[in-house]
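Quick heads-up: it's one chain on its own, the form predicted on its own, in structure tokens.
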């Protein structure tokens, strides 16, 4: 046994040490993330939802300290909800990204938060903004973040194409996150995908099997069986 191995995980910060990603397509954006949350060497939650709602058509992907990113997301969501109620207009994606940038920059010495803000609005369509550690903000057609991102830069650069179709974009994000999960010890669980367009938000979930379907030793899991039974 390694004497230097620290078993007191209760004293370790809870981190979403993670893989997050967002890509613009013609008509909206696709966001994706793994689902592992860790505390030191321990996995504290293997089914975390890192795709966090800000408004009906704006979501963020969170990496870094779970407490910091959840707190910032709650504050921005409250602020934009207040803004929409007062103006009777949907918030712009740029407004949401700017709010995240302000918090991450003003409290950069206290926060450990890397955020991707993505969504759709009538003014600019689908948009993706990256707010990394330190509070800088940039708009990119495709961006990745978290500890797993370092393993997939080459894959993303090779396979990303401008103005991709929606389903091609979903498959691209799914495979990229799956590659990161395979290589990065801090990423794991399932792949959560979100599609945002003028109609709102759609969720999809993929397991880390060859097909992306829910299978255990060649059999469907009880989760999928319950869904199928309910449908019948």
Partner chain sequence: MLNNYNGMAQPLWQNGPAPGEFYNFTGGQTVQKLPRELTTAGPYGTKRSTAAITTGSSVLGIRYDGGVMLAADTLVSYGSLARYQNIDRVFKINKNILLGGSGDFADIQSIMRNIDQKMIEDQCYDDNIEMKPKSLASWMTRVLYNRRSRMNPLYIDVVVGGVEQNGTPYLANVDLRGRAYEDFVVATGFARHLAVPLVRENKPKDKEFTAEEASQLIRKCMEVLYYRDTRNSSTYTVGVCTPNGCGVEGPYQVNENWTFAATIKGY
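Model, not experiment: these values are computed from the prediction. Positions refer to the first chain, counted from 1.
Keep in mind that the form predicted in complex with its partner chain is missing from the display, and what follows is about it.
The chain is drawn here without its partner chain; in the predicted complex, the stretch among 82-90, 69-77, 106-114, 120-128 whose residues come within 4.5 Å of it by any heavy atom is 106-114. Using a 4.5 Å cutoff between non-hydrogen atoms, residue 94 does not count as a contact of its partner chain in the predicted complex. A residue is said to contact a partner when one of its heavy atoms sits within 4.5 Å of a partner heavy atom; residue 147 fails this definition for its partner chain in the predicted complex, lying far away.
Contact annotation for 115-143: residues with any non-hydrogen atom within 4.5 angstroms of its partner chain in the predicted complex are 130, 132, 133, 134, 135, 136, 137, 138, 140, 143, listed in sequence order.
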